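A lone chain, given as structure tokens: the form predicted on its own.
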């Protein structure tokens, strides 16, 4: 009997122990979330993610995001710069379409002018007498600059418009080879263009200041309006304008090209971006002017190319286009007969000979 009572008492104690344990567990489960929340609140207020503000700026991209780095150099600590995307957008959406429109428009005007006017012909035909217009050093300098600029223009246009024009024609793989070669060649020959521009300035600056007859030449558009061909000296107003465009735009292209090619002068990203814009715009303007210059020096003006091949021009050509200079040469006795010039050229072995027959013998 006593044993049964002790056994019952033991079971009762075990039962109450289990109940107490369950109550304790329930109590703990009820207060644990509040305790954990209270415990987390205080550390969250004290500990701040050091990268939170940085990545918030990266996501917003409202300004260049800068950090700290041990790498030396301009903008080394800039994680992301949105101006690069702005330049890409300007290049693809504004510069390339405007360049295409300008160059295409200039070519269209040249073709239209040639179809209507058929160029400027010699009004009195050839005289058979000649004047020395450009010395050998002048011609060498001219073709040096012209050759380099044409090469730079072609490679530059490939780099500027190749993605739009060439990739659909030759594909990405071939274009990558062409673009890489264009970039290396452009960078290699670019500095030589600067030397040529400086040489042109030294050689011809004295003949390209404003002078008598320039205003009249501009008003008559070089003889397109007003009937009689306007008066001009050694260079007419149009040639003077072209000279100064070559000098100023050429120096701008050279300066910006050096900034882009050698980015260790201390220039920051903004200077490089401005250089890209100036380089692109200036190059397109100079190429557009080159189209007109090439046309007027070949098909656009009869007997004009001879001045840059042999150095001599027909006396009638000189009187028609540069009458002031022609009169000065004639007053100095500088006119050379065709037979005499042909003899000089034979003695020198000149390959680029000018026609030495009078107009009557040429079937005019």
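Positions refer to the first chain, counted from 1. What you are looking at is a predicted structure, and each value in this text was computed from that prediction instead of being measured.
The next section is about a form of this same protein that is not shown, the form predicted in complex with ligand HEM.
Query - The unique member of 181, 159, 174, 98 whose heavy atoms fall within 4.5 Å of ligand HEM in the predicted complex - result: Among 181, 159, 174, 98, a heavy atom within 4.5 Å of ligand HEM in the predicted complex occurs only for 159.
Requested in this report: Quick one: from 133, 91, 240, 269, grab the residue that has a heavy atom within 4.5 Å of ligand HEM in the predicted complex.
Outcome: It is 91 that has a heavy atom within 4.5 Å of the partner.
Query raised in the report: All three of 152, 253 and 261 touching ligand HEM in the predicted complex at 4.5 Å, heavy atom to heavy atom?
Result: Every residue of the spot touches ligand HEM in the predicted complex.
Query - Contact flag, residue 216 vs ligand HEM in the predicted complex, heavy atom cut 4.5 Å - result: Output for residue 216 is no: heavy atoms all beyond 4.5 Å of ligand HEM.
Report task. Using a 4.5 Å heavy atom cut-off, state whether residue 187 contacts ligand HEM in the predicted complex. Result -> Contact with ligand HEM, yes.
Query raised in the report: Hey, in the predicted complex, does residue 232 get a heavy atom within 4.5 angstroms of ligand HEM?
Result: Because no heavy atom of residue 232 falls inside 4.5 Å of ligand HEM in the predicted complex, the answer is no.
Query raised in the report: Does residue 293 reach ligand HEM in the predicted complex, with heavy atoms at most 4.5 Å apart?
Result: No, residue 293 stays farther than 4.5 Å from ligand HEM in the predicted complex.
Query - Region of this chain that lies against ligand HEM in the predicted complex, out of 118 to 126, 187 to 195, 104 to 112, 203 to 211 [heavy atom, 4.5 Å] - result: Partner-contacting stretch among the options: 187 to 195.
Query - in the predicted complex: members of 195 to 210 within 4.5 Å of ligand HEM, any heavy atom - result: Result: empty, none.
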